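Shown next as structure tokens: one chain only, the form predicted on its own.
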């Protein structure tokens, strides 16, 4: 069953599996299947190491793998059959909790959308899309503006999904954000996150910080919707998150000999963020420390 772990790691690296929560769930599922295949604790720990660093910025990935490692460590003295059964069950429960968190955020966040709102979003977030879809189900009429999000064009995915759910959507080029916020009379900005730091800074797809600066200049609410698994325990100890730099071919193959900078993420300072929607409720950016304190007490993330 090693193939499932290696395949999952490759799929995460290539962005075949994308989205911070989906990455976490995929990694946890790979370890669950590896445990069921009969691997011993030492082998599973090696599998966890392969997955943990598949992408450096999405905090949900090491958080999910760390949970699996804690489960493996706690169960390692059990008989092999009981070890397989209990480890797989506990990881399965963890996966269900993460899926439930997305649903809770959709319910909480949908209440923030008002009739007639125009909302701008950046990149592609299952969490934000779920929030929009839930608001649509509740009968709220609103429009969405989404950026194309170069160079991988994740905004195209957002536009297709919203169109499928009959939510009015307009696609804009990334450089038209400031223009569009004013021209289209945007009421709110809602984005997802790949990581949240202890001080409330948010790491998300490159370009998010520019959107936040423009929104604040126009006094437009900037809301982040994200699961608590994306909060960074290591930031409590002053450790910075590595910003992934992806290959130049994602940008262009037509400029040989010219250096290309292609960062996948950027940092939006907490003072640009109005609020953060989590499965535990709506918090101010400063509330990130309380979320992390809770996990340190429960041992869910370390």
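Nothing here was measured: the structure is a model prediction, and the numbers come from that model. Positions refer to the first chain, counted from 1.
One more form of this protein exists, namely the form predicted together with a small molecule; it is left out here, but the text below deals with it.
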So in the predicted bound form, does any heavy atom of residue 84 sit within 4.5 Å of the small molecule?
no
Indicate whether the small molecule has at least one heavy atom within 4.5 Å of a heavy atom of residue 158 in the predicted bound form.
no
So in the predicted bound form, does any heavy atom of residue 283 sit within 4.5 Å of the small molecule?
no
When the contact criterion is heavy atoms within 4.5 Å, does residue 20 count as touching the small molecule in the predicted bound form?
yes
Among the candidates 134, 89, 143, 126, the residue which, in the predicted bound form, approaches the small molecule to within 4.5 Å (heavy atoms)
126
Candidate stretches 158-166, 108-116, 203-211, 177-185, one within 4.5 Å of the small molecule in the predicted bound form by heavy atom:
203-211
